[in-house]
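Have a look below at one chain only, the form predicted alone, in structure tokens format.
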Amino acid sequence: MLASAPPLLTVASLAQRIKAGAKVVLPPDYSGCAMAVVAELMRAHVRDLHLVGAPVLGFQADQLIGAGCVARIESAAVTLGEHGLAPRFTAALKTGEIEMWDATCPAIHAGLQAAEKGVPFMPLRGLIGSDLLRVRPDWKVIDNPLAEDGRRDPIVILPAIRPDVALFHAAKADRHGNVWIGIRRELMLMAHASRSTFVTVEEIVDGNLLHDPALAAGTIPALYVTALAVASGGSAPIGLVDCYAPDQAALAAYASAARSDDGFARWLDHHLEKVPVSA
């Protein structure tokens, strides 16, 4: 790595930079989940995380909740997709072990975009008349100050969502620290909006991704990357598009085991035994 590039760490060292109480924005299951880091966070018993879905959450959030790492969820949904409801999320919500900040996909994106642009809020239509305004007192309805002819034009303003950490997995980074994400633009938004961005990648490649016209548009510049770690297969068992498919058997086994406290505990012990400790 070059002197000006973000540091290249082990997976465990990268995970250690995510502290208790941090607000962490995570991508959906189809967008590059840093599952190797999630395992380290569970192994380290990190507590009181505030997870933000960009815009929804899945397996990684459900596992962290089951392991007792999460105090709050802010997301448009938490689901295991074709594998059904997120069982640890559902159980924790019913018992009051976690706090849920309901949102919509456009609302999450708007809040992150406000942080990306360095402004305190972002206006959004489409929420007026919904129950979300009742359960989200931090969302305010104002009169559009630019409405023509003095007519009343209510609009919702959403506070900026400024995560402490953006965490995700990608196919590759170059030795300058630039990270290729392809078409997954939510990862670019996450990196722009967050105070720190931690990325695991399948490999480090030579050259400069930003100098390749075919790759530059899908590359996050190193300026927005705080630290990197190489984790081959680091998104398994969820999978990584164009690299490896989801392990549907493993995902189904988790969904089944996590329906009960004891089942999840057995799954977690077995899972952490299988995932090697990264020095």
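Here the structure is a predicted model, which means the values were calculated and not measured. The first residue of the sequence shown is number 1, and the count goes up from there.
One more form of this protein exists, namely the form predicted together with a further copy of the same chain; it is left out here, but the text below deals with it.
- [ ] Report the stretch among 230-238, 34-42, 206-214, 59-67 that approaches a further copy of the same chain in the predicted complex to within 4.5 Å, counting heavy atoms only.
- [x] Flagged stretch: 206-214.
- [ ] Find out whether any non-hydrogen atom of Arg72 is located within 4.5 angstroms of a further copy of the same chain in the predicted complex, and reply yes or no.
- [x] Result no; Arg72 lies far from a further copy of the same chain in the predicted complex.
Open item on the list: When the contact criterion is heavy atoms within 4.5 Å, does Gly118 count as touching a further copy of the same chain in the predicted complex?
Closed with: Yes, Gly118 is a contact residue.
- [ ] With heavy atoms only and a cut-off of 4.5 Å, decide whether Leu158 touches a further copy of the same chain in the predicted complex.
- [x] Flag for Leu158 set to yes.
- [ ] Mark Arg175 yes when one of its heavy atoms lies within 4.5 Å of a heavy atom of a further copy of the same chain in the predicted complex, and no otherwise.
- [x] Arg175: no, not in contact with a further copy of the same chain in the predicted complex.
Task: Heavy atom contacts to a further copy of the same chain in the predicted complex at 4.5 Å, residues of 111-142 in sequence order - done: Going through 111-142 in order - heavy atoms within 4.5 Å of a further copy of the same chain in the predicted complex - the hits are Gln113, Lys117, Gly118, Val119, Pro120, Phe121, Met122, Pro123, Leu124, Arg125, Asp138, Lys140, Ile142.
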